[in-house]
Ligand code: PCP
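There is one chain below, alone, in structure tokens, taken in the form predicted on its own.
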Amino acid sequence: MRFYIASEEDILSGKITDIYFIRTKKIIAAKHLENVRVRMEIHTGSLPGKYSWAVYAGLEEALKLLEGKPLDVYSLPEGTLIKDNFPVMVIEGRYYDICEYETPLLGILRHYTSVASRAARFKRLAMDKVILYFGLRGAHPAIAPMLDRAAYIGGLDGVSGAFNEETIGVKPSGTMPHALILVFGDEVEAWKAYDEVVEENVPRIALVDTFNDERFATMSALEALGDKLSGVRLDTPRSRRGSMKSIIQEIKWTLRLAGREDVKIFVSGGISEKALKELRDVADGFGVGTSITYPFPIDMSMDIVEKEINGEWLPYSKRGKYPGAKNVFRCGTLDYEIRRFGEQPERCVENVMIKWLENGQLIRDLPAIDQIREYVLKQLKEVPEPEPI
């Protein structure tokens, strides 16, 4: 028995790739074409149906993959909002040195961007409401750190992985599972045990839908924990009573009568974009999992767009692609001007196709994850909310 996962060493060495790239490299060597220099561009294809933007993510891991190789790498900053058919990265060097990294590089950027984009759609719909990512149980544990990082970059307020302080420096967030209450066989005893054992700085948010009516369970939690109770969580949005919104309104009314309007109400369990929009006026926060873990995929391609011939870079690409390496100039969020390397813009000033690696060496500081997240949130405030899916 084994875990069918790739080691970091295997990824960095180029072993984790498609066989046709290994064969291509072998042919290039046999025909003495190792010194052919190219510029390769990574760009998006068409975005999923109701997407009008996406969040570009995965740059740090992409740079880690290419670091130490004789390549120059230009890229948009991680967290930039992008559109369809849009350049995000340019790699310059010998194709022989790039060849086998196309598979892992596209895998990193496509998966990261897909997860971060879906997370950002949820955050844009919620904005001032708290959203936590609870989706790790839906994916292979080998990629759990990547999923939490991508979701956090997308603007979510917290992620549940117990390892996150080690990987991204973010304290993990979460409440309690139904299993805890089922082991005790009594909601009140489980809530009290949680309060007695768990660190004081962790909010006391009681899960109130295991055995009893949610409103009565909320009042039981209030009686059991008193002023320590900061919130309750409902994990059954498809309630047997048919309307989660009505249940939340009933609980809020009862809390108001008890003088505890400060107690927050969180909803989780199969939350979709449509469900979030329906409940955002009455709920204080959400836990979202599967919809982000399995997002609509953001398509990306990697193509040769220029070739160095007799010391001069010439536009060069297959049919159906725009030849020439491209700079991206920004006037504002989602307002861009695309120009070939060396051309000056007509409208925009800020060039966001930034050089990150020079001959394989990192030449600028990478932003901290909280800086990336704030960058995303700033842009989200400047775009219309998406049509819910």
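The numbering used is simple: start at 1 and walk along the sequence shown. Note that the structure is predicted; figures quoted are calculated from it, not measured.
There is another form of this protein, the form predicted together with the ligand, and it is not shown here; the text below is about that form.
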| query | finding |
| --- | --- |
| Single option in S317, S268, S160, T103 placed near the ligand in the predicted bound form, where near means a heavy atom within 4.5 Å | S268 |
| Partner-contacting position among N164, T290, S173, S220 - heavy atom within 4.5 Å of the ligand in the predicted bound form | T290 |
| Which of 247 to 255, 296 to 304, 268 to 276, 224 to 232 sits within 4.5 Å of the ligand in the predicted bound form, heavy atom basis | 268 to 276 |
| 4.5 Å heavy atom contact, K83 to the ligand in the predicted bound form | no |
| Contact flag, P177 vs the ligand in the predicted bound form, heavy atom cut 4.5 Å | yes |
| Close approach of F134 to the ligand in the predicted bound form, 4.5 Å, heavy atom | yes |
